[in-house]
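Okay, so here's just one chain, in C-alpha cells, the form predicted alone.
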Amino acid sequence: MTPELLTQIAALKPEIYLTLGIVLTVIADLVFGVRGRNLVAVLGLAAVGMALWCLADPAGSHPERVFGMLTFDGYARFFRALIISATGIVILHAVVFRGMENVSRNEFVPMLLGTALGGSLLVSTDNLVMLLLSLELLSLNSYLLAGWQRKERRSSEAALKYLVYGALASAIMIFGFSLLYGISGSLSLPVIGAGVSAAWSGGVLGTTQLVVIVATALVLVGFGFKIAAFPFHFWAPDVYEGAPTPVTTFLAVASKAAGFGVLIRFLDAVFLGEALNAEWLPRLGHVIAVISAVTMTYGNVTAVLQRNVKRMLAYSSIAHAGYLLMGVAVMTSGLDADIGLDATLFYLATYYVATLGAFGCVMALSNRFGAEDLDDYRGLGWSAPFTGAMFVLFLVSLTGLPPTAGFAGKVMLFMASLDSGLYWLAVVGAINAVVSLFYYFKIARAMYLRGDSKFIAGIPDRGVMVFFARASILALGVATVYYGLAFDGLKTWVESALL
C-alpha cells in the first residue's frame, strides 16, 4: 500500500472500528448464544468508544478528502460524533430494557452499529452513489430495528409502515437525483451545484429551470421523510410508539441528525456552493420557512392531544424538526448562510442531549412501572425521584426555558431568523414554544400533582448495566444545565463544524 492510501484509510478509523464491532459481535453471538448478551453489548460499546476516541484526534491529522467521495471535514466530524455517541447510549439502554426480555438481543447490537455506520458515511459524502448506499444502510437496519419485538403486533406494524413509506420516499428521491445527474452529467454534489447555477443563468424560467425545480422538490421529499417534516411525517408517530424504546430513541436522535446532516450538505453544495441567481435562492428559503412553520405548528398542536407519552414525544420530535428547519431557512434566505448553519447545529446539539435523556427516563419508568400513558405516570415522580427529576429537567430543556441548553438553542434560532428578516417565522416559533409548554408539563403534572398516593411500588432495577444507564441520564442532565449556563464551549465546537 502507498503512504497516501494508508493515510486515507486512517481517516476512516471510526468507520473501521464500527465495522470491526459488527464482525466481533456477530461472532460472539454465534459462539456464546444467549449467554453472550452482555459480552455482545460490551463489544459494541467498545467499538463505539474506539470510534469516538479516533474522532477526538486533533483536526487536520487526516486528509479531508478520502477516495474521491467522502469529505471528513469539521462538519462531518460534528455529525459523526453525534451519531456514534448516541449509538453507544442506545446500546447501554437496550441492555437493560425489559421490553425485549423475550427477544434475542444479540443481533440487535451489530444491527445498531450498522445503522450508525450508515449514518456516519451519509453525513460525510458529497457523491450521489455513496449517499444512496449510505442512506440504504441506515434505512434498512432501521426498518428491522423498528420491528424488533416480533411478538408485539404494534412493533410489527411499525416496521411495515416504516418500510413501505421509506421505500416510496427513497424511490422519489432517487428519481430527483437522476434528474440532477441529467442536468450536470456528474455524481458529485459540487459539480451538480455548478450545473444548477448554470441552469439559472439569465433568470428566465425555462425547461431546464423547471427540471431543477422538480428535481429539488423530489429530493426534498426524501429528506423530509428522513427528518419527519410535514407533510412527510406520517410514519413517525406509529413507528415511535410501536418500536422498542431504545430504537425510538435512536430514530429521534441519531437518525434525525443524519437526515439533517445530509440535507444541509446537499443544500450547501448544490445551492450555496456556486453563485446561484439571487432571484431564485430566497424563494427556496421561503419554501423551507413555510415547511418549518407548518411542521412545528402541526407537531406541537397534535402533541397536546396525545395520551401515550412515546407518541407525544414523537409529535414533539416532529415539532423540533420544524425548529431545526428555521435555521435551514435562514441558510437559504440569500444572506449569511453561516448564521443559519451555526444556529441549526447548536440547536441540534441541545435537542440531542435533552431527547436522549427524555427517552432514557421513559424507558426507565417503563421498566420499573410499566408506564406508557399519562395516567400511568400519576405519582411516579415521588416513587422514582431521580428519574422523575431528570425527566422534568429534560422536558424544561425541550420547551426552551432557562437555565437549560434548550433555552440557549431557541434564542440562537430566533435571533438568526430575525437577523435574516424572517420576522414572521421567529414569531411562529415563539408561539409554538408556548404551546409546547402545555403538553410537556402535562407529564410533569401527572408525575407530581396527580398521584393519589406518595409512593407506588414497582419492579426494582439493579445491576451494573442499570447503574451505567442511570449514570448516562445523570451526565445528560448535567450537560443540559451546564450548556444552558455556559454554552461558549458548545458554541466553539459548533463553529468549528461550519461548512
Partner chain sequence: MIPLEHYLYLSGILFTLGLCGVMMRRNVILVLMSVEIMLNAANIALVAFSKYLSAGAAESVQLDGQVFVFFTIAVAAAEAAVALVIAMALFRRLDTVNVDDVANLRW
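None of the values given here were measured: they were computed from a predicted structure. Positions refer to the first chain, counted from 1.
Beyond the structure shown, there is the form predicted together with its partner chain, which is absent from this document and is the topic of what follows.
Heavy atoms within 4.5 Å of its partner chain in the model of the complex map, among the stretches 398-406, 115-123, 152-160, 421-429, onto 152-160 alone. Residue in contact with its partner chain in the model of the complex (any heavy atom within 4.5 Å), chosen from Asp338, Glu107, Asp73, Glu136: Glu136. None of Ala194, Val219, Ala371, Leu187 but one reaches within 4.5 angstroms of its partner chain in the model of the complex through a heavy atom, and that residue is Leu187.
Remark: Thr208 does not count among the residues lining its partner chain in the model of the complex, judged by a heavy atom distance of 4.5 Å or less. Put simply, Tyr143 is close to its partner chain in the model of the complex: some heavy atom of it is within 4.5 Å. Its partner chain is not drawn, but in the model of the complex it has a heavy atom within 4.5 Å of Ser170. Although the partner is absent here, Asp376 lies well away from its partner chain in the model of the complex, with no heavy atom inside 4.5 Å.
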